[in-house]
Ligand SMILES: NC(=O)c1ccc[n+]([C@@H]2O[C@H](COP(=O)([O-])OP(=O)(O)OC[C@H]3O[C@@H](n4cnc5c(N)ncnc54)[C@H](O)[C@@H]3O)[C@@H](O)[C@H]2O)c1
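The data below hold one chain only, encoded as structure tokens and taken in the form predicted on its own.
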Amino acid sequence: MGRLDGKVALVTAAAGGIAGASARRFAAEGASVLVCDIDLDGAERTVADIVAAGGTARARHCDVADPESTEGAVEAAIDAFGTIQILMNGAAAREPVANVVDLPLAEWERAMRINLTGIFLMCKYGIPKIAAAGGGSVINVASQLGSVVVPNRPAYVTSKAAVIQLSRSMALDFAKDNVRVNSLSPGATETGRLLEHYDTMEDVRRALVPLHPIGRLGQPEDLADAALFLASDESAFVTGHDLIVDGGYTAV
């Protein structure tokens, strides 16, 4: 018996590393999953992995910065599976490394629109459906950089800190509806995003492993395990919490 048997999950950015691994893990534990991403081909690859492993999933194009697209994704989950109990918001912008003087306004606004407003929109349309289903779990992917700061990432660190606070706000507002809302804050995790600023993953490891006391970087499956906990009834008494999964990065 799976830990999510009979439940329906919608996961955004599920063509990517962390959200993709989480979508696959949810399906392996019995959930039907709507795999959403602006990269539809990538979403379909995640669905193919799920189906090949015996799970149930469908792909959907979704631009989380677009209200019509986000509302449409939620409705697509209802149309496909009849309900929704789990919403995982994983989309994040790729912004240039620059301080506030050098960062173009358009890049700041784009990061906020995807990283923060995208979660607002998915929750705006998704939470009423979860409440109507009798309750469930919202998981908003933040970052360890929502709690601590590195240079030249003003849009990213600000948006991720805001995700943590937005999640807490929604946790209070919708506790009466049996909707739990938590944020999940990864440390450096070995996905393609880390290669934006390094040539190889070995370069990434040389630079970042020393910052993680556990002695390695995260794997997408590490975060999928944490997301599964937040999605499942095992975390029934957990809401308004930021679950930091960072190998000790923020403990230093």
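All values derive from a computational prediction rather than experimental measurement. Numbering starts at 1 and follows the sequence shown.
There is another form of this protein, the form predicted in complex with the named molecule, and it is not shown here; the text below is about that form.
Residue-level contacts in the predicted bound form: of 120, 174, 156, 81, one residue has a heavy atom within 4.5 Å of the named molecule, and it is 156. For the marked spot (63, 90 and 141), a heavy atom within 4.5 Å of the named molecule in the predicted bound form is present in each of the three residues. Taking non-hydrogen atoms only, residue 13 approaches the named molecule to within 4.5 angstroms in the predicted bound form. By the criterion of a heavy atom within 4.5 Å, residue 114 is counted among the residues contacting the named molecule in the predicted bound form. Contact between residue 193 and the named molecule in the predicted bound form is found at the 4.5 Å heavy atom cutoff. Interface membership of residue 189, defined by any non-hydrogen atom within 4.5 Å of the named molecule in the predicted bound form, is confirmed. Taking the named molecule as it sits in the predicted bound form, the stretch 32-55 comes within 4.5 angstroms of it through a non-hydrogen atom at 37, 38, 39.
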